[in-house]
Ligand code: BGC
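The chain below stands alone, shown as structure tokens; this is the form predicted alone.
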């Protein structure tokens, strides 16, 4: 059933964060140790101290009318030393979940958002074939402790991002350039997802479980001649590396040739919904000046296209293209698990939200079952290698403020209005 607008009555309006980016003091993690490697690497420190200020944040969420919150738990907190589960950390997560329940906010729980315990990193992390078993022991424990709370589960967030950035470009931990290690890492992550999917369903056969995949809209610039042919080739290759090979593996249960070969038990169709993280478009342009990036200028932007503070192209049509593509491959319900903009001055966020929601409404009119939208992010947070320079939050926080005062931006009130009216006023807002 639909309302007077184009969103279903049961459409879920939410926001998202990840544990390491907001909790603070995640000292037993590989990212904490990565941050300490050099003086120039940003340090998460206390982040926005969600670990201690969750009640204040949940009250703000309820005031905004958020119906759901995509929240992450940290493996490194729960199992800071191998085989030792920290029951104080478990108790704190239970307090967090009880608080969300108290405020009437549903929980979408992310089990893994890039960060692993330092003890696992020291043993080779996802390169180690034992990593799958270690991860699944953590998942088994977490499911036993928390299964009563989530209405949705995300096993892995954007698994290809830490695989590519950690093992090919060396931008993320462990900072390596090794294609064969990359292949092994992705195979292990596929096994980890398949195993986690099974464990959750053993506890709750009706559970809704998915992966939150990153889907940039990758396009060739459109040069003529050989340059244009090369752009199209690289765009196709990039799509395979970033999401197509993973998706094909999950769809068929067979490891994509990019990662090796063979089948993984329990992998085939191991998603109950497809999580889409969509932010931007890239137009890949041939350039002799960019030999280090395969002669492709990844930041080339057509005239007149707006960009966010990251320099990413704002391209709302891309979310519709992505939703349609994922729906036709999997025929499973769609959840927008992340969509947002780095916009410290809050000049573009409201239009970014409404323009993307308009594209989602068109997908709904096409009959594609998009079930919910999680705006990234609820609050400014630690943005990995960029530290606190990039502000994605509906709620602003100055990391230099001793009190970490929460200040809802104007865009938060606009999103709140959209939620109250179930998206009926998108056209007037636009």
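Positions refer to the first chain, counted from 1. From a predicted model like this one, the values you see are computed outputs, not experimental measurements.
There is another form of this protein, the form predicted together with the ligand, and it is not shown here; the text below is about that form.
Participant: Within 4.5 Å, heavy atoms only, one stretch in 375-383, 395-403, 51-59, 30-38 touches the ligand in the model of the complex. Which?
Facilitator: Stretch with heavy atoms near the partner: 375-383.
Participant: Only one of 241, 312, 233, 141 gets a heavy atom within 4.5 Å of the ligand in the model of the complex. Which one?
Facilitator: By the 4.5 Å criterion, the partner-contacting residue is 312.
Participant: Considering 270, 354, 322, 277, which brings a non-hydrogen atom within 4.5 Å of the ligand in the model of the complex?
Facilitator: By the 4.5 Å heavy-atom cutoff, the listed residue in contact is 277.
Participant: Taking heavy atoms and a 4.5 Å cut-off, does residue 113 contact the ligand in the model of the complex?
Facilitator: Result yes; residue 113 sits at the interface with the ligand in the model of the complex.
Participant: Can you tell me if residue 157 lies within 4.5 angstroms of the ligand in the model of the complex, counting non-hydrogen atoms only?
Facilitator: Taking the distances in the model of the complex, the answer for residue 157 is yes, it comes within 4.5 Å of the ligand.
Participant: Can you tell me whether residue 15 touches the ligand? I mean in the model of the complex, with a 4.5 angstroms heavy atom cut-off.
Facilitator: It does not: once the ligand is placed as it appears in the model of the complex, residue 15 has no heavy atom within 4.5 Å of it.
Participant: So in the model of the complex, does any heavy atom of residue 74 sit within 4.5 Å of the ligand?
Facilitator: Residue 74: no contact with the ligand in the model of the complex.
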